[in-house]
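Shown below, as C-alpha coordinates, is a lone chain in the form predicted alone; questions about how it binds or moves come after it.
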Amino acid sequence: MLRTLCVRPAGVQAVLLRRWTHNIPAIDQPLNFINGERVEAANTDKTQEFELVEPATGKVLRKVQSAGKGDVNRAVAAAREAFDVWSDMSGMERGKLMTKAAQIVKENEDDFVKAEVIDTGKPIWEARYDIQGCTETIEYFAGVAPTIMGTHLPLPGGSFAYTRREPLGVCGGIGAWNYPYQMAAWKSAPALACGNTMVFKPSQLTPITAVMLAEAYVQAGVPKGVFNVIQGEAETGTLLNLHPDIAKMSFTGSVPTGAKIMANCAKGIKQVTLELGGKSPLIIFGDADLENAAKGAILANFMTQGQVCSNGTRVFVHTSVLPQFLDILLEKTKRMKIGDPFQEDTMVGATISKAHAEKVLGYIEIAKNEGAEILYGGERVIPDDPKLAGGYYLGPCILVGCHDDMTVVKEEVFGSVMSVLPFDTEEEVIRRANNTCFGLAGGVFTKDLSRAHKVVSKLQAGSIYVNNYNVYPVGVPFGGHKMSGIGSENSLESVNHYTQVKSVYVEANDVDCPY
(Lines give C-alpha, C1' and ligand atoms only; values in the text may rest on other atoms or scores of the structure.)
Protein backbone atom coordinates (compact mmCIF):
# COMPACT_ATOMS: atom_id res chain seq x y z
CA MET A 1 0.00 0.00 0.00
CA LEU A 2 1.98 3.00 1.26
CA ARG A 3 3.99 4.62 3.96
CA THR A 4 2.95 6.83 6.83
CA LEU A 5 6.56 7.95 7.21
CA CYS A 6 9.13 7.34 4.56
CA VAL A 7 12.64 8.37 5.50
CA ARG A 8 15.23 6.95 7.85
CA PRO A 9 16.09 9.20 10.80
CA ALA A 10 19.08 11.44 10.29
CA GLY A 11 22.29 10.04 11.63
CA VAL A 12 21.20 6.40 11.83
CA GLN A 13 24.30 4.25 12.00
CA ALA A 14 24.65 0.97 10.19
CA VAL A 15 23.97 -1.44 13.04
CA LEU A 16 23.80 -5.19 12.59
CA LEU A 17 20.96 -6.34 14.83
CA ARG A 18 20.85 -9.65 16.56
CA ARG A 19 19.07 -12.02 14.21
CA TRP A 20 15.84 -12.79 16.01
CA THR A 21 14.71 -16.37 16.20
CA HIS A 22 11.22 -17.35 15.16
CA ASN A 23 9.91 -18.04 18.65
CA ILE A 24 7.32 -15.32 19.04
CA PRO A 25 3.86 -16.62 20.04
CA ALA A 26 2.29 -14.89 17.04
CA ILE A 27 3.86 -17.53 14.81
CA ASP A 28 3.84 -20.61 17.02
CA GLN A 29 0.27 -20.34 18.28
CA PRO A 30 -3.02 -20.55 16.31
CA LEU A 31 -3.40 -17.70 13.84
CA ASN A 32 -7.18 -17.45 13.80
CA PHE A 33 -8.63 -15.12 16.43
CA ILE A 34 -12.35 -15.50 17.12
CA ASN A 35 -14.37 -14.12 20.02
CA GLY A 36 -11.35 -12.89 21.94
CA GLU A 37 -8.95 -15.82 21.65
CA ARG A 38 -6.63 -17.65 19.31
CA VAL A 39 -8.34 -20.76 17.96
CA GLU A 40 -7.53 -23.57 15.59
CA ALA A 41 -9.59 -23.63 12.43
CA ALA A 42 -12.42 -26.13 12.61
CA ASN A 43 -11.58 -26.98 9.01
CA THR A 44 -9.37 -30.11 9.06
CA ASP A 45 -9.04 -30.53 5.30
CA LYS A 46 -5.29 -30.77 4.70
CA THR A 47 -5.75 -29.70 1.07
CA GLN A 48 -6.79 -26.27 2.33
CA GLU A 49 -3.58 -25.57 4.22
CA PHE A 50 -1.21 -22.86 3.05
CA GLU A 51 2.45 -22.36 3.88
CA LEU A 52 3.77 -19.40 5.84
CA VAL A 53 7.07 -18.54 4.16
CA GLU A 54 9.67 -16.04 5.38
CA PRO A 55 10.56 -13.94 2.30
CA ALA A 56 14.07 -13.13 3.55
CA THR A 57 15.14 -16.77 3.65
CA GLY A 58 12.53 -18.68 1.67
CA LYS A 59 12.09 -20.86 4.75
CA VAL A 60 8.69 -22.42 5.43
CA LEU A 61 7.88 -21.42 9.02
CA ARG A 62 4.72 -23.47 9.38
CA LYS A 63 1.51 -24.52 7.71
CA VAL A 64 -1.73 -22.68 8.37
CA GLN A 65 -5.22 -23.98 7.73
CA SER A 66 -7.65 -21.80 5.84
CA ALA A 67 -10.77 -20.87 7.77
CA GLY A 68 -13.73 -22.72 6.32
CA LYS A 69 -17.40 -21.90 6.24
CA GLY A 70 -17.91 -22.90 9.87
CA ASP A 71 -15.02 -20.71 11.02
CA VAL A 72 -16.30 -17.72 9.07
CA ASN A 73 -19.77 -18.25 10.52
CA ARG A 74 -18.30 -18.40 14.04
CA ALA A 75 -16.35 -15.20 13.54
CA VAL A 76 -19.32 -13.30 12.10
CA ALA A 77 -21.60 -14.60 14.86
CA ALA A 78 -19.12 -13.42 17.50
CA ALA A 79 -18.95 -10.00 15.85
CA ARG A 80 -22.72 -9.82 15.66
CA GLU A 81 -23.12 -10.58 19.34
CA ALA A 82 -20.40 -8.08 20.30
CA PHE A 83 -21.99 -5.37 18.16
CA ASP A 84 -24.86 -4.83 20.61
CA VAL A 85 -22.43 -4.11 23.44
CA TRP A 86 -19.84 -2.14 21.45
CA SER A 87 -22.29 0.07 19.55
CA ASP A 88 -24.13 0.86 22.79
CA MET A 89 -21.00 2.40 24.31
CA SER A 90 -20.40 6.10 24.00
CA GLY A 91 -17.78 7.30 21.58
CA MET A 92 -15.72 8.43 24.55
CA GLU A 93 -15.77 4.93 26.04
CA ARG A 94 -14.76 3.33 22.76
CA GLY A 95 -12.03 5.91 22.24
CA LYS A 96 -10.48 5.26 25.64
CA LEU A 97 -10.23 1.52 24.97
CA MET A 98 -8.74 2.10 21.52
CA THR A 99 -6.17 4.49 22.99
CA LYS A 100 -5.20 1.84 25.50
CA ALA A 101 -4.83 -0.72 22.68
CA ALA A 102 -2.50 1.64 20.83
CA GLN A 103 -0.43 2.00 23.98
CA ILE A 104 -0.16 -1.77 24.30
CA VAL A 105 1.13 -1.96 20.73
CA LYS A 106 3.73 0.69 21.56
CA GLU A 107 4.85 -1.22 24.62
CA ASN A 108 5.33 -4.31 22.46
CA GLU A 109 6.66 -2.49 19.41
CA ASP A 110 9.77 -4.66 19.03
CA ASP A 111 7.64 -7.80 18.70
CA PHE A 112 5.37 -6.15 16.14
CA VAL A 113 8.35 -4.90 14.14
CA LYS A 114 10.06 -8.28 14.25
CA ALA A 115 6.89 -10.03 13.09
CA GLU A 116 6.39 -7.51 10.27
CA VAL A 117 9.92 -8.07 8.96
CA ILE A 118 9.52 -11.85 9.12
CA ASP A 119 6.16 -11.57 7.37
CA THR A 120 7.10 -9.15 4.58
CA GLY A 121 10.88 -9.15 4.08
CA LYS A 122 10.99 -5.34 4.18
CA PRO A 123 13.90 -3.54 5.94
CA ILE A 124 13.49 -3.27 9.69
CA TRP A 125 13.64 0.52 9.81
CA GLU A 126 10.80 0.64 7.30
CA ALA A 127 8.74 -1.84 9.32
CA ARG A 128 9.35 0.22 12.45
CA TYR A 129 7.92 3.34 10.82
CA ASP A 130 4.96 1.34 9.52
CA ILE A 131 4.11 0.10 13.00
CA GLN A 132 4.61 3.50 14.62
CA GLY A 133 2.67 5.46 12.00
CA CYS A 134 -0.28 3.09 11.84
CA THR A 135 -0.52 2.88 15.62
CA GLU A 136 -0.98 6.65 15.44
CA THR A 137 -3.93 5.92 13.14
CA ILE A 138 -5.59 3.96 15.96
CA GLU A 139 -4.95 6.87 18.33
CA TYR A 140 -6.36 9.31 15.77
CA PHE A 141 -9.63 7.43 15.40
CA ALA A 142 -9.80 6.95 19.16
CA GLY A 143 -9.92 10.75 19.30
CA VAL A 144 -12.47 10.90 16.48
CA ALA A 145 -14.85 8.46 18.20
CA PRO A 146 -16.36 10.98 20.68
CA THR A 147 -16.96 13.51 17.88
CA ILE A 148 -19.16 11.29 15.70
CA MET A 149 -22.61 12.85 15.84
CA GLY A 150 -25.58 13.94 13.81
CA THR A 151 -27.10 17.37 13.09
CA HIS A 152 -30.06 19.42 14.31
CA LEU A 153 -32.39 21.35 11.99
CA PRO A 154 -34.96 23.84 13.46
CA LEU A 155 -38.28 23.89 11.58
CA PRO A 156 -41.33 26.23 11.65
CA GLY A 157 -43.66 26.21 14.64
CA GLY A 158 -41.17 24.69 17.02
CA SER A 159 -40.87 21.43 15.15
CA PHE A 160 -37.42 20.14 14.39
CA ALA A 161 -35.48 17.35 12.78
CA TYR A 162 -32.26 15.72 13.73
CA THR A 163 -29.98 13.11 12.28
CA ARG A 164 -28.19 10.21 13.90
CA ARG A 165 -24.96 8.85 12.47
CA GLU A 166 -25.12 5.16 13.31
CA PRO A 167 -22.77 2.21 12.77
CA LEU A 168 -23.45 -0.24 9.97
CA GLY A 169 -23.05 -3.49 11.90
CA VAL A 170 -20.51 -6.23 11.21
CA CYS A 171 -17.91 -5.09 8.70
CA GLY A 172 -15.58 -7.34 6.77
CA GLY A 173 -12.01 -6.42 5.90
CA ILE A 174 -9.51 -8.03 3.57
CA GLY A 175 -5.93 -6.80 3.52
CA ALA A 176 -3.01 -6.91 1.11
CA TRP A 177 0.40 -8.40 1.88
CA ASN A 178 2.65 -5.39 1.41
CA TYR A 179 1.56 -3.52 4.56
CA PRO A 180 -0.16 -6.13 6.77
CA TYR A 181 -0.23 -4.20 10.03
CA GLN A 182 -1.37 -1.08 8.23
CA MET A 183 -4.22 -3.02 6.63
CA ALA A 184 -5.48 -4.23 10.01
CA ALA A 185 -5.07 -0.82 11.68
CA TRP A 186 -6.43 1.34 8.84
CA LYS A 187 -9.54 -0.82 8.49
CA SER A 188 -10.26 -1.64 12.12
CA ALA A 189 -9.65 1.81 13.63
CA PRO A 190 -12.41 3.76 11.82
CA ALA A 191 -14.78 0.79 11.90
CA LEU A 192 -14.46 0.37 15.66
CA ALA A 193 -14.49 4.11 16.37
CA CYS A 194 -17.88 4.33 14.64
CA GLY A 195 -19.29 1.48 16.74
CA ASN A 196 -19.00 -1.34 14.20
CA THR A 197 -17.44 -4.73 14.79
CA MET A 198 -15.17 -6.44 12.27
CA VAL A 199 -14.04 -9.74 10.84
CA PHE A 200 -10.68 -9.23 9.15
CA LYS A 201 -8.82 -11.54 6.78
CA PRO A 202 -5.16 -10.69 6.22
CA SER A 203 -3.33 -11.91 3.14
CA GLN A 204 -2.29 -15.53 3.41
CA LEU A 205 1.27 -14.36 2.74
CA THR A 206 1.38 -12.08 5.81
CA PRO A 207 -0.92 -13.39 8.54
CA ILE A 208 0.90 -12.52 11.76
CA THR A 209 0.49 -8.91 12.91
CA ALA A 210 -3.28 -8.74 12.48
CA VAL A 211 -3.60 -11.41 15.17
CA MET A 212 -1.23 -9.47 17.42
CA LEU A 213 -3.38 -6.35 17.00
CA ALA A 214 -6.49 -8.37 17.84
CA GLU A 215 -4.83 -9.47 21.08
CA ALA A 216 -3.92 -5.87 21.91
CA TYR A 217 -7.56 -4.80 21.51
CA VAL A 218 -8.77 -7.51 23.89
CA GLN A 219 -5.99 -6.83 26.39
CA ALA A 220 -7.05 -3.17 26.37
CA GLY A 221 -10.59 -4.11 27.33
CA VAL A 222 -12.32 -4.04 23.95
CA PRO A 223 -15.11 -6.64 24.26
CA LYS A 224 -14.43 -10.08 22.86
CA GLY A 225 -15.75 -10.49 19.35
CA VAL A 226 -15.39 -6.84 18.36
CA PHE A 227 -12.32 -7.57 16.19
CA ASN A 228 -11.85 -11.08 14.80
CA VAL A 229 -9.17 -12.42 12.46
CA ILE A 230 -9.66 -15.33 10.07
CA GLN A 231 -6.88 -16.79 7.96
CA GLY A 232 -7.19 -18.11 4.46
CA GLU A 233 -6.88 -17.68 0.75
CA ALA A 234 -9.38 -16.54 -1.88
CA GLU A 235 -12.09 -19.01 -0.90
CA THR A 236 -12.14 -17.73 2.68
CA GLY A 237 -12.42 -14.16 1.44
CA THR A 238 -15.37 -15.11 -0.75
CA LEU A 239 -17.13 -16.78 2.19
CA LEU A 240 -16.68 -13.56 4.14
CA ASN A 241 -17.95 -11.08 1.56
CA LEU A 242 -20.92 -13.30 0.65
CA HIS A 243 -21.99 -13.78 4.27
CA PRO A 244 -25.50 -12.35 4.74
CA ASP A 245 -24.64 -10.76 8.10
CA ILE A 246 -21.77 -8.68 6.72
CA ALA A 247 -22.96 -5.09 6.24
CA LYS A 248 -19.87 -3.70 4.50
CA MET A 249 -16.60 -4.87 2.95
CA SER A 250 -13.32 -2.99 2.88
CA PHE A 251 -10.74 -4.46 0.52
CA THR A 252 -7.21 -3.58 -0.50
CA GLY A 253 -5.65 -5.44 -3.41
CA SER A 254 -5.85 -5.98 -7.14
CA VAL A 255 -8.46 -4.60 -9.52
CA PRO A 256 -9.72 -8.05 -10.65
CA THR A 257 -10.23 -9.22 -7.06
CA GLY A 258 -11.82 -5.91 -6.11
CA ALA A 259 -14.27 -6.26 -8.99
CA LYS A 260 -15.27 -9.74 -7.78
CA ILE A 261 -15.79 -8.49 -4.23
CA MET A 262 -17.86 -5.58 -5.49
CA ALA A 263 -20.01 -7.96 -7.55
CA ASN A 264 -20.49 -10.28 -4.57
CA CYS A 265 -21.46 -7.36 -2.34
CA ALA A 266 -23.93 -6.14 -4.93
CA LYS A 267 -25.91 -9.35 -4.41
CA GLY A 268 -26.60 -8.28 -0.84
CA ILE A 269 -26.56 -4.50 -1.49
CA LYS A 270 -23.57 -4.16 0.84
CA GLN A 271 -21.43 -1.08 1.06
CA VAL A 272 -17.85 -1.34 -0.16
CA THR A 273 -14.59 0.52 0.19
CA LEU A 274 -12.00 -0.52 -2.38
CA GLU A 275 -8.35 0.51 -2.54
CA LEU A 276 -7.01 -1.08 -5.70
CA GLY A 277 -4.08 -0.81 -8.07
CA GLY A 278 -2.29 2.09 -9.67
CA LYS A 279 0.09 3.16 -12.40
CA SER A 280 0.80 6.61 -11.09
CA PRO A 281 2.73 9.41 -12.83
CA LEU A 282 5.55 11.40 -11.28
CA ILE A 283 6.23 14.60 -13.26
CA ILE A 284 9.59 16.36 -12.93
CA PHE A 285 9.68 19.78 -14.57
CA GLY A 286 12.81 21.52 -15.79
CA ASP A 287 12.90 23.95 -12.86
CA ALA A 288 12.71 21.24 -10.20
CA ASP A 289 15.32 20.72 -7.51
CA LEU A 290 16.83 17.63 -9.11
CA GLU A 291 18.36 16.34 -5.89
CA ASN A 292 14.93 16.29 -4.27
CA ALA A 293 13.32 15.00 -7.44
CA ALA A 294 15.67 12.01 -7.50
CA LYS A 295 14.91 11.30 -3.85
CA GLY A 296 11.21 11.54 -4.63
CA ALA A 297 11.55 9.15 -7.56
CA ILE A 298 13.29 6.61 -5.34
CA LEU A 299 10.59 6.92 -2.68
CA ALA A 300 8.01 6.58 -5.45
CA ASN A 301 9.51 3.36 -6.80
CA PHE A 302 11.82 1.43 -4.49
CA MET A 303 10.28 1.46 -1.00
CA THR A 304 9.13 -1.95 0.21
CA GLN A 305 10.87 -3.49 -2.80
CA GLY A 306 8.57 -1.46 -5.06
CA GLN A 307 5.52 -3.32 -3.76
CA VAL A 308 3.40 -0.20 -3.16
CA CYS A 309 0.14 0.48 -4.97
CA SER A 310 0.54 4.26 -4.99
CA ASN A 311 4.03 4.16 -6.50
CA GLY A 312 4.86 6.73 -9.19
CA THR A 313 6.30 4.19 -11.62
CA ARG A 314 5.89 6.37 -14.71
CA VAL A 315 8.54 9.04 -14.13
CA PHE A 316 8.10 11.83 -16.67
CA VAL A 317 11.21 14.05 -16.85
CA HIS A 318 11.52 17.24 -18.88
CA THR A 319 13.97 16.73 -21.71
CA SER A 320 16.03 19.77 -20.63
CA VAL A 321 17.08 18.09 -17.37
CA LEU A 322 16.84 14.40 -18.22
CA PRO A 323 20.63 13.69 -18.36
CA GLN A 324 21.32 15.50 -15.08
CA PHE A 325 18.38 13.81 -13.38
CA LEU A 326 19.51 10.35 -14.47
CA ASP A 327 23.04 10.98 -13.20
CA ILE A 328 21.77 11.88 -9.73
CA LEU A 329 19.22 9.07 -9.71
CA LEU A 330 21.78 6.48 -10.76
CA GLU A 331 24.29 7.58 -8.15
CA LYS A 332 21.71 7.31 -5.36
CA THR A 333 20.30 3.99 -6.54
CA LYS A 334 23.75 2.41 -6.68
CA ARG A 335 24.19 3.20 -2.97
CA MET A 336 21.11 1.22 -1.94
CA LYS A 337 22.26 -1.80 0.04
CA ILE A 338 20.45 -5.05 -0.77
CA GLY A 339 20.29 -7.81 1.81
CA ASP A 340 19.28 -8.88 5.29
CA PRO A 341 16.15 -6.93 6.28
CA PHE A 342 17.18 -7.15 9.93
CA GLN A 343 20.16 -4.86 9.32
CA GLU A 344 19.47 -1.19 9.89
CA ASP A 345 21.50 -0.11 6.86
CA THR A 346 19.66 -2.41 4.43
CA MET A 347 17.56 -0.41 1.99
CA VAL A 348 16.26 -3.24 -0.21
CA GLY A 349 14.87 -6.35 1.42
CA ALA A 350 13.33 -9.46 -0.06
CA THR A 351 10.50 -9.62 -2.58
CA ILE A 352 7.44 -11.24 -1.01
CA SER A 353 7.72 -14.58 -2.84
CA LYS A 354 9.48 -16.48 -5.61
CA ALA A 355 6.36 -16.32 -7.78
CA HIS A 356 6.09 -12.57 -7.44
CA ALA A 357 9.80 -12.05 -8.06
CA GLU A 358 9.52 -14.05 -11.28
CA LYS A 359 6.55 -11.94 -12.32
CA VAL A 360 8.56 -8.73 -11.80
CA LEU A 361 11.54 -10.13 -13.70
CA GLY A 362 9.15 -11.15 -16.48
CA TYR A 363 7.99 -7.55 -16.87
CA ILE A 364 11.61 -6.44 -17.19
CA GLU A 365 12.22 -9.00 -19.95
CA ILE A 366 9.12 -7.82 -21.79
CA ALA A 367 10.35 -4.23 -21.49
CA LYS A 368 13.72 -5.17 -22.99
CA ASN A 369 12.01 -7.00 -25.84
CA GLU A 370 9.85 -3.92 -26.51
CA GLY A 371 12.90 -1.66 -26.78
CA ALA A 372 13.55 -0.37 -23.25
CA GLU A 373 17.11 -0.17 -21.96
CA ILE A 374 18.12 -1.17 -18.45
CA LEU A 375 20.12 1.70 -17.02
CA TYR A 376 20.60 -0.12 -13.73
CA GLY A 377 19.48 -3.22 -11.80
CA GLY A 378 16.68 -5.51 -12.83
CA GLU A 379 18.27 -8.81 -11.79
CA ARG A 380 18.12 -11.25 -8.92
CA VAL A 381 20.77 -10.56 -6.29
CA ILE A 382 21.96 -13.32 -3.96
CA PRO A 383 23.31 -11.89 -0.68
CA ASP A 384 26.59 -13.13 0.77
CA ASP A 385 24.89 -14.55 3.86
CA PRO A 386 24.04 -18.19 2.98
CA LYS A 387 20.96 -18.00 5.25
CA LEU A 388 19.43 -15.61 2.73
CA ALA A 389 20.08 -17.72 -0.37
CA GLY A 390 16.48 -18.92 -0.50
CA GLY A 391 15.08 -15.38 -0.55
CA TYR A 392 14.37 -13.41 -3.72
CA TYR A 393 16.24 -10.12 -3.71
CA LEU A 394 15.89 -7.94 -6.81
CA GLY A 395 18.10 -5.03 -7.75
CA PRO A 396 16.08 -1.79 -8.13
CA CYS A 397 15.58 -1.37 -11.87
CA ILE A 398 15.76 1.88 -13.85
CA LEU A 399 14.42 1.62 -17.41
CA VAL A 400 15.13 4.30 -20.01
CA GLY A 401 14.15 4.56 -23.65
CA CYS A 402 10.56 3.91 -22.60
CA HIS A 403 7.43 4.98 -24.45
CA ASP A 404 3.79 5.09 -23.40
CA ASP A 405 2.73 1.98 -25.31
CA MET A 406 5.11 -0.39 -23.55
CA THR A 407 3.60 -3.08 -21.36
CA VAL A 408 5.75 -2.06 -18.40
CA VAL A 409 4.49 1.52 -18.72
CA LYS A 410 0.83 0.56 -18.94
CA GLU A 411 0.50 -2.27 -16.42
CA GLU A 412 1.09 -2.35 -12.68
CA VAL A 413 4.31 -4.27 -12.05
CA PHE A 414 4.27 -4.04 -8.25
CA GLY A 415 8.03 -4.30 -8.01
CA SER A 416 11.14 -2.09 -8.05
CA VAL A 417 10.88 -1.13 -11.71
CA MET A 418 10.99 2.56 -12.66
CA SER A 419 10.12 3.62 -16.20
CA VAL A 420 11.65 6.99 -17.18
CA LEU A 421 9.90 8.90 -19.96
CA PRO A 422 10.92 12.28 -21.43
CA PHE A 423 8.41 15.07 -22.11
CA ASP A 424 8.51 18.57 -23.62
CA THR A 425 5.39 20.53 -22.64
CA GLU A 426 3.03 20.82 -19.70
CA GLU A 427 -0.04 20.07 -21.79
CA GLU A 428 1.60 16.99 -23.27
CA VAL A 429 2.64 15.48 -19.95
CA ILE A 430 -0.77 16.03 -18.34
CA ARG A 431 -2.45 14.25 -21.25
CA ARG A 432 0.01 11.35 -21.06
CA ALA A 433 -0.16 11.15 -17.28
CA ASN A 434 -3.96 10.78 -17.39
CA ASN A 435 -3.87 8.20 -20.18
CA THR A 436 -4.51 5.24 -17.87
CA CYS A 437 -7.45 3.39 -16.37
CA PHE A 438 -5.92 3.94 -12.93
CA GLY A 439 -6.15 7.04 -10.76
CA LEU A 440 -4.59 6.33 -7.41
CA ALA A 441 -1.78 8.86 -7.02
CA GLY A 442 0.53 11.28 -8.81
CA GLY A 443 3.38 13.65 -8.12
CA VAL A 444 4.80 16.96 -9.34
CA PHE A 445 8.27 18.37 -8.75
CA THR A 446 8.65 22.06 -9.61
CA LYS A 447 9.68 25.31 -7.90
CA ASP A 448 6.75 27.08 -9.59
CA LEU A 449 3.85 26.59 -7.18
CA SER A 450 1.39 28.19 -9.58
CA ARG A 451 2.27 25.54 -12.11
CA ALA A 452 2.12 22.86 -9.41
CA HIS A 453 -1.43 23.75 -8.40
CA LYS A 454 -2.53 24.01 -12.02
CA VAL A 455 -1.15 20.56 -12.83
CA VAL A 456 -2.61 19.09 -9.64
CA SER A 457 -6.05 20.32 -10.69
CA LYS A 458 -5.70 18.51 -14.02
CA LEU A 459 -4.35 15.15 -12.81
CA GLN A 460 -6.97 12.42 -12.47
CA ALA A 461 -5.97 10.79 -9.21
CA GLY A 462 -7.05 10.62 -5.59
CA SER A 463 -3.74 11.63 -4.00
CA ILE A 464 -1.19 14.07 -5.40
CA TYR A 465 2.20 15.01 -3.95
CA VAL A 466 3.99 18.29 -4.61
CA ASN A 467 7.78 18.10 -4.19
CA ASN A 468 7.62 14.81 -2.30
CA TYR A 469 6.09 11.37 -2.77
CA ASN A 470 4.34 8.60 -0.82
CA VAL A 471 4.00 10.47 2.47
CA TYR A 472 0.67 9.96 4.26
CA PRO A 473 0.34 11.57 7.70
CA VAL A 474 -2.67 10.32 9.58
CA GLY A 475 -5.69 12.48 8.79
CA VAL A 476 -4.88 12.82 5.09
CA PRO A 477 -7.47 10.94 3.00
CA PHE A 478 -6.18 8.08 0.89
CA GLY A 479 -8.26 6.67 -1.94
CA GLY A 480 -8.33 6.30 -5.70
CA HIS A 481 -10.22 7.58 -8.71
CA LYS A 482 -11.27 5.60 -11.78
CA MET A 483 -10.37 1.90 -11.45
CA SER A 484 -8.12 2.55 -8.47
CA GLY A 485 -10.94 2.34 -6.00
CA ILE A 486 -13.97 3.65 -4.14
CA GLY A 487 -13.89 5.57 -0.88
CA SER A 488 -11.11 6.90 1.34
CA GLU A 489 -9.14 5.66 4.32
CA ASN A 490 -6.88 7.22 6.96
CA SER A 491 -9.03 10.30 7.64
CA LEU A 492 -12.35 11.76 8.75
CA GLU A 493 -13.69 10.74 5.35
CA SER A 494 -13.67 7.17 6.66
CA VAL A 495 -16.42 7.99 9.13
CA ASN A 496 -18.83 8.43 6.23
CA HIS A 497 -17.91 4.97 4.95
CA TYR A 498 -18.47 3.23 8.30
CA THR A 499 -21.72 4.92 9.34
CA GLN A 500 -25.20 5.48 7.98
CA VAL A 501 -27.48 8.47 8.52
CA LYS A 502 -30.88 8.22 10.11
CA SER A 503 -33.24 11.24 9.90
CA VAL A 504 -35.76 11.92 12.66
CA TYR A 505 -38.63 14.44 12.33
CA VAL A 506 -40.24 15.70 15.57
CA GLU A 507 -43.65 17.45 15.33
CA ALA A 508 -44.38 20.16 17.92
CA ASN A 509 -47.92 20.96 16.72
CA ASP A 510 -51.17 19.23 15.79
CA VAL A 511 -50.96 17.05 12.71
CA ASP A 512 -51.89 19.02 9.60
CA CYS A 513 -53.92 16.49 7.65
CA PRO A 514 -56.77 16.99 5.12
CA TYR A 515 -58.46 13.70 6.04
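Owing to the predicted nature of the structure, the values given are computational and were not obtained by experimental measurement. Note that residue numbering follows the sequence shown and begins at 1.
The discussion below concerns the form predicted together with a small molecule, not included here.
Checking 412, 116, 71, 215 against the small molecule in the model of the complex, a heavy atom within 4.5 Å turns up for just one residue: 412.
This chain appears without its partner; in the model of the complex, the one residue of 135, 419, 196, 178 with a heavy atom within 4.5 Å of the small molecule is 178. Proximity of residue 260 to the small molecule in the model of the complex: non-hydrogen atoms within 4.5 Å are present.
The small molecule in the model of the complex is not approached by residue 85, whose heavy atoms all lie more than 4.5 angstroms from it. Of the heavy atoms in residue 141, none are within 4.5 Å of the small molecule in the model of the complex. When the small molecule is considered in the model of the complex, residue 123 lies well away from it, no heavy atom lying within 4.5 Å. The candidate spot formed by 105, 131 and 207 lies out of contact with the small molecule in the model of the complex, as no residue has a heavy atom within 4.5 Å of it. For the small molecule in the model of the complex, the listed stretch (295-303, 237-245, 94-102, 379-387) containing residues with heavy atoms inside 4.5 Å is 237-245.
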